[in-house]
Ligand code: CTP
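Next up is one chain by itself, shown in structure tokens, the form predicted on its own.
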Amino acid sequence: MGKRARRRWRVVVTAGPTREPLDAVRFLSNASTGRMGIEVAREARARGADVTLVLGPTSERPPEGVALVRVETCREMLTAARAAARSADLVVFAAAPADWRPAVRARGKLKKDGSGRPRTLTLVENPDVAATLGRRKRGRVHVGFALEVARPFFFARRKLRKKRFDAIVLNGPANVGGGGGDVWWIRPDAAPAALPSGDKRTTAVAITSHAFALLDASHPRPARR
């Protein structure tokens, strides 16, 4: 009697920005395209994993063969990621959810009053998707991302510890949108390792290789179907 086939890895990837409504037509967001997370999801699927992609608003095309969950706001992303992560082996937090949202969503469309006076906008802090899931990891491997300018390695390592990541990918501002800046793979117990950064696809392949190596080290490797 042959050996029983082991299950495939179950991977969750968050990607893209979020939009936090100000009124019926305006929102707060950022310049994330979601491309890096999409490419990580594509590569994980190509390696035989069952992949769920939690994707914020973007014009980028998601890969075929993944379970796609579309979200708009940070709170929607948290709900979707938490549900998907319950059965995951690996979660890659590549999204750039908004840190803040308007305290009140105006009804209709806000109008100028012609006075020229400043208008005050009150913001409230959004939940932290990665930190929330990190508080109950249940054996999952978590990989995060950091975009830093000043003292990048210090702040990346601090984020790694605070959010209980097993590894963190450090980017500079040049990687927003098109990519091409320096990228580093950082583990708690090792020196930073430079990743290839010519384009997001190449970087995503390297990130996925490192992440799957973490899975191999902590779980028996599942067989492909």
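Just so we're clear, the structure is a prediction, and the values are computed from it rather than from any experiment. Note that residue numbering follows the sequence shown and begins at 1.
Another form exists, predicted together with this ligand; not displayed. Remarks below refer to it.
Looking at 71, 90, 84, 129 here, can you tell me which has any non-hydrogen atom within 4.5 angstroms of this ligand in the model of the complex?
Partner contact (heavy atom, 4.5 Å) among the options: 129.
Which is the contacting stretch out of 134-142, 103-111, 116-124, 147-155, given heavy atoms within 4.5 Å of this ligand in the model of the complex?
Comparing against this ligand in the model of the complex, the contact stretch is 147-155.
According to a 4.5 angstroms non-hydrogen atom cut-off, is residue 187 in contact with this ligand in the model of the complex?
The answer is no: residue 187 has no heavy atom within 4.5 Å of this ligand.
Given that the partner is absent here, does residue 159 sit within 4.5 Å of this ligand in the model of the complex, heavy atoms only?
Residue 159 belongs to the contact set for this ligand.
Residue-level question: is residue 45 within 4.5 Å of this ligand in the model of the complex, judged on heavy atoms?
Because no heavy atom of residue 45 falls inside 4.5 Å of this ligand in the model of the complex, the answer is no.
Is residue 163 close enough to touch this ligand in the model of the complex, meaning at least one heavy atom pair within 4.5 Å?
Taking the distances in the model of the complex, the answer for residue 163 is yes, it comes within 4.5 Å of this ligand.
Residue by residue through 194-216, which ones have a non-hydrogen atom no more than 4.5 angstroms from this ligand in the model of the complex?
Not one residue comes within 4.5 Å of the partner.
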